[in-house]
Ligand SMILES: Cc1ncc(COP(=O)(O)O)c(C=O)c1O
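Next up: a single chain in structure tokens, the form predicted on its own.
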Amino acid sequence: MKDIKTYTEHGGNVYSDEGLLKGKNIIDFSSNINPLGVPKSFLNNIDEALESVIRYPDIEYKRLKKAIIEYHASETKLEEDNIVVGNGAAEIIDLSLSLFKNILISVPAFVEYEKTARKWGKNIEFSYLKEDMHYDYEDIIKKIDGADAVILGNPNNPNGNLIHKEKFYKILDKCERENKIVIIDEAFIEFTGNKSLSFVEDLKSYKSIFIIRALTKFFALPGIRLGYGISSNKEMIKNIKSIQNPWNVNCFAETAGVYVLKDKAYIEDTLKFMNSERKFFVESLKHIDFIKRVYNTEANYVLCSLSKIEASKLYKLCLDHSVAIRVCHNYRGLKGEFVRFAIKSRKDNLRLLEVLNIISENLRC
């Protein structure tokens, strides 16, 4: 079997011209994208983007920022200089981490946090999740003393747990007093369907908070590459913009942002689907013999630990059935028995469960 790292450093890598994925029609459970697909609000206005390709985008992205301000209006009052837009959340992560010398990362976490920090030559400290995959708040508050900034997910990737707000305010208060920055990656927060679980409303009280959002996951637009950062810390926003390339968001991404953020029907349909399908999927996975533990999730993916089979072996067996899963071997703090499954359509989810049951039956033979 070929080295699986090529296929699993990130989810969604189905482009390989060689190896295990070649020539396969893959159902991709490694990529956590909304199964409802691209919002019609963007498709119906795509001609607007086509007409814009002959012009440079507005270098200030005023129209896009207005849409972001309106999207968050029920949570907090934003102004243009509270917002920085980026070529995906990846760019915002990259530029925000570049500003600090000492960074605390809660792990396991999205692998780009550590990769980016190392690229910039930063000093890195790690706070590990507890065995139940919840944040260790006491450990974070202890280790934050040696850091200029801390980054963590809400929900976290790969396990889908949320930050416990009441426990976290102690950390925020400390960071506020000591001029430290808390970078909260909320790329998956919309899947919870509960705005109070976000820290957007807390921007009014804490200049120490910098929130990262993306249209990639919830609005099923990974190819568009649109993310943004918001904070009441206008100095940090200004510092990010000062090192950012001009015209970093193309006209298709700009048009998408303008329309999908106000697409209430799409948002409501997604939440109705996800609330139902997540419960079904999580409960169904618990009945697979070789799945030792299914971790609670508030996102659109599920982390599982395995018994009787290594994750790399399960990956290969699933591919034999044209199903791709996410092996979590390159998440710091996770070993070879962890896998992650995206929550997809009922049809696709049933196919994955069928494949897992076939593998389970074969393991018993």
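All values derive from a computational prediction rather than experimental measurement. Numbering starts at 1 and follows the sequence shown.
In what follows, reference is made to the form predicted together with this ligand, a form of this protein that is not presented.
Candidate site formed by 189, 193 and 270: none of these residues places a non-hydrogen atom within 4.5 angstroms of this ligand in the model of the complex. Though the partner is left out of this view, residue 93 does reach within 4.5 Å of this ligand in the model of the complex, counting heavy atoms only. Contact check for residue 88: a non-hydrogen atom falls within 4.5 Å of this ligand in the model of the complex. Under a 4.5 angstroms non-hydrogen atom cutoff, this ligand in the model of the complex has residue 216 among its neighbouring residues. Although the partner is absent here, residue 225 lies within 4.5 Å of this ligand in the model of the complex, judged by heavy atoms. Per the 4.5 Å heavy atom criterion, this ligand in the model of the complex is contacted by stretch 208-216, the sole one of 208-216, 261-269, 246-254, 126-134.
Put simply, of 113, 100, 281, 168 only one has a heavy atom within 4.5 Å of this ligand in the model of the complex, and it is 113.
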